[in-house]
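Next up: just one chain, as C-alpha cells, the form predicted alone.
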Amino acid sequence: MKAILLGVMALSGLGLAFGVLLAWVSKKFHVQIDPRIEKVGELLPGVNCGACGFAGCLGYAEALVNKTATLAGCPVSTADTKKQIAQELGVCDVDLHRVTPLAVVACGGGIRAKDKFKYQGLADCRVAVKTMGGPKNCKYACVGQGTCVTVCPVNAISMQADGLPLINPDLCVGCTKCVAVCPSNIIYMLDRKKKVYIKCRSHDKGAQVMKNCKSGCIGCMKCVKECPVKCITIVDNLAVIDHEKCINCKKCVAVCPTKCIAVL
C-alpha cells in the first residue's frame, strides 16, 4: 500500500512539474497573432483560388496585415469588400478600380475540328493530349474534356454543345487557373478593354489548317491589309494582334474568311 502511495505521489509530482514547464514554455515562446488577420480573412471571399499568389485567403490576409501584399492582388473581392478591408487596416491607397483580365479561349474548333480518333479515356485534357498525340488532327486544338471547367473556382466556365469551353465574362475573376491547366495552351488572359482576339493557336500552314479545321487561321493576310492601325501581323502562319495598338474597330472581324477573329 505504501509503495502504491509513493508511486501516485511521484507521478503527481512529475505531472505538476511538467505542467509548470509546459506553461512556462508556452508563455516564453508564445507568438502574438494579430487579431486583424482573422477579421480580414472573414471579409475575403474564401474562394482560395490562389490568384493573389498566396496559399489561400488566410495567407493573403496575413500578407495584407503585414503589408507584404496589396488589395489589388485579389481579383475576386468586390470594391465594397476592398473598402471594408482598407478601413480595417487603416489604409487608403487601394486600387479599387483595377479591371481584372478576362480568360479567353483561343480555339474555334471543337466538333468542327476533325478527330484523329474517338477518345474514350479519362475525362482530363492532360491525359487526352498524351494519348497517341491527342484525339484531334490539329495538335493545337481544344480536346474538350473540360479540365478548365473543373479547376475554375467560381464556376465561370462551362462546356458547350460544340465541344468548346465557354467563359462567362461576368463571373471570370482572372485567377488564371484555367490557363495553367490547359495542356493545349489555348486559354490566355486578355485585357477586358480589348474586344478583338484570335480564336486560333495553330502554326500550321493554311492548307493543313483547312484540312484539320474550318475555323482556324489560314494566314491569308486579309486582316493585316484591312487593319487601319497596322496592329496585326502574321507570325509563323498565325495572325497576331498587338493589343497595345488595337482600337477595336472590328474591321478585321468582318474580312476574316474563317471567322477565327472574335469579339468579346
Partner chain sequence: METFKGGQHIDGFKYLSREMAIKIMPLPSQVIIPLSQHTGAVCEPVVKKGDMVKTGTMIGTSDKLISSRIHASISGVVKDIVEYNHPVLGQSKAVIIDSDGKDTLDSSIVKRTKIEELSKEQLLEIIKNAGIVGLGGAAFPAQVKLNPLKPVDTLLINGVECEPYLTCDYRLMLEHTHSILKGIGLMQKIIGVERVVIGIEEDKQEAIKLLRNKCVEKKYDIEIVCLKAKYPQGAEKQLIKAILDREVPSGKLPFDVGVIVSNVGTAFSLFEAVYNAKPLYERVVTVTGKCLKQPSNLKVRIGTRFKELIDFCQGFKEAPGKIIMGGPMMGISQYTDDVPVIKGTSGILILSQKEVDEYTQGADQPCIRCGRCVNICPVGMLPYALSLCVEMDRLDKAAQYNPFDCIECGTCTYVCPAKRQILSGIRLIKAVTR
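Computed from a predicted model, the values in this text were never measured in an experiment. Positions refer to the first chain, counted from 1.
Although not depicted, the form predicted together with its partner chain is the subject of the following passage.
Peer 1: Decide if the three candidate residues Lys214, Met221 and Val240 all line its partner chain in the predicted complex, where lining means a heavy atom within 4.5 Å.
Peer 2: Answer is no for this spot.
Peer 1: Classify Leu122 as contacting or not contacting its partner chain in the predicted complex by the rule of any non-hydrogen atom within 4.5 angstroms, answering yes or no.
Peer 2: The answer is yes: Leu122 has a heavy atom within 4.5 Å of its partner chain.
Peer 1: With heavy atoms only and a cut-off of 4.5 Å, decide whether Arg126 touches its partner chain in the predicted complex.
Peer 2: Although its partner chain is absent here, Arg126 would touch it in the predicted complex, with heavy atoms inside 4.5 Å.
Peer 1: Residue-level question: is Met132 within 4.5 Å of its partner chain in the predicted complex, judged on heavy atoms?
Peer 2: Met132 belongs to the contact set for its partner chain.
Peer 1: Do Thr150 and its partner chain come within 4.5 Å of each other in the predicted complex, heavy atoms counted?
Peer 2: So Thr150 counts as contacting its partner chain.
Peer 1: Between the options Lys83, Arg112, Lys194, Lys116, which residue brings a heavy atom to within 4.5 Å of its partner chain in the predicted complex?
Peer 2: None of the others qualify; the residue that does is Lys116.
Peer 1: So if I measure heavy atom distances to its partner chain in the predicted complex, which of the stretches 100 to 108, 67 to 75, 167 to 175, 150 to 158 falls within 4.5 Å?
Peer 2: Residues of 150 to 158 come within 4.5 Å of the partner.
Peer 1: Within 177 to 198, which residues come within 4.5 Å of its partner chain in the predicted complex, counting heavy atoms only?
Peer 2: Going through 177 to 198 in order - heavy atoms within 4.5 Å of its partner chain in the predicted complex - there are no hits.
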